[in-house]
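Only one chain comes next, encoded as structure tokens, the form predicted alone.
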């Protein structure tokens, strides 16, 4: 066997081993909390030594966990809807009214700033700004904070889709046929970028739902989020914390399927109207 062939085979083996190790690590990190949710004793074995359903029962009976889950769903839902609405309007303004490239570049760079700053720094700044106002003791202060950290993901997702479909040309074509801006947006733009909207909403929801640093500093007591519940119960009972993580995974998966189902139904209704 030639040296080049031997090196090719060796590199291929190393690549497969590395890929297997990465996948195994991801599965380990993902499924250990799921298994731990049903564990009562797990010390020196691959699987729990004692299994139980008491951790699941704890989820259904603990008022703090249920209240924190409600708070996370509420804040993440508001954040995703508001962020997508705001940045859709911003992108439409950029493509329809603003032709200067430097304005586009300025907006793109501005929305990326939260990625360059520590979340705790943004949280402290928002705390100092909104604490004296009526928003200081409500969940809206956390919504404003989450709108900041989700902005890079939402904007980049929607901006890329808008460039791909050539939003300006589509609206101008619709207006030349007699449609107004609102009609063109509802009948032409939204059906063409619905996948981008859904993707942006899911990203915003996931980032907001999984945030801990900002929630730990800004969330009022009655709106403590589920990540704070995981953190607090981890020091009391790790298996109860694993049960909360399992609940978060279930909610995330169900939400993803629900949003995908609703988007397909909306697209089907639009196709029927067009036909």
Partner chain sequence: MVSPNTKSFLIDVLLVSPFLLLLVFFIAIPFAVSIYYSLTSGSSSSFTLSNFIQIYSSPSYLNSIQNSVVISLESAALSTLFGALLAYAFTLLSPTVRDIIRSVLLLPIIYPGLVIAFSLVILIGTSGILTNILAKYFGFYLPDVFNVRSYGGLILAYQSFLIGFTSITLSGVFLSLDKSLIEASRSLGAGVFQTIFRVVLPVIAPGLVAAFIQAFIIAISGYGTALALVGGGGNLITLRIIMLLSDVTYEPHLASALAMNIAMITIPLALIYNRLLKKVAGGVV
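Numbering follows the first chain given and starts at 1. Only a predicted model underlies this, so the values are computations on that prediction, with no experimental measurement involved.
Beyond what is shown, the protein has a form predicted together with the partner chain; the following relates to that form.
Judged against the partner chain in the predicted bound form with a 4.5 angstroms heavy atom cut-off, the residues 73, 81 and 197 are out of contact without exception.
Contact between residue 46 and the partner chain in the predicted bound form is found at the 4.5 Å heavy atom cutoff. Interface membership of residue 248, defined by any non-hydrogen atom within 4.5 Å of the partner chain in the predicted bound form, is confirmed. Among residues of the shown chain, residue 30 is one whose heavy atoms approach the partner chain to within 4.5 Å in the predicted bound form. Using a 4.5 angstroms threshold between heavy atoms, residue 50 stays clear of the partner chain in the predicted bound form. The partner is not shown here, but in the predicted bound form the stretch 135-171 reaches within 4.5 angstroms of the partner chain through a heavy atom at 135, 144, 147, 148, 151, 152, 153, 156.
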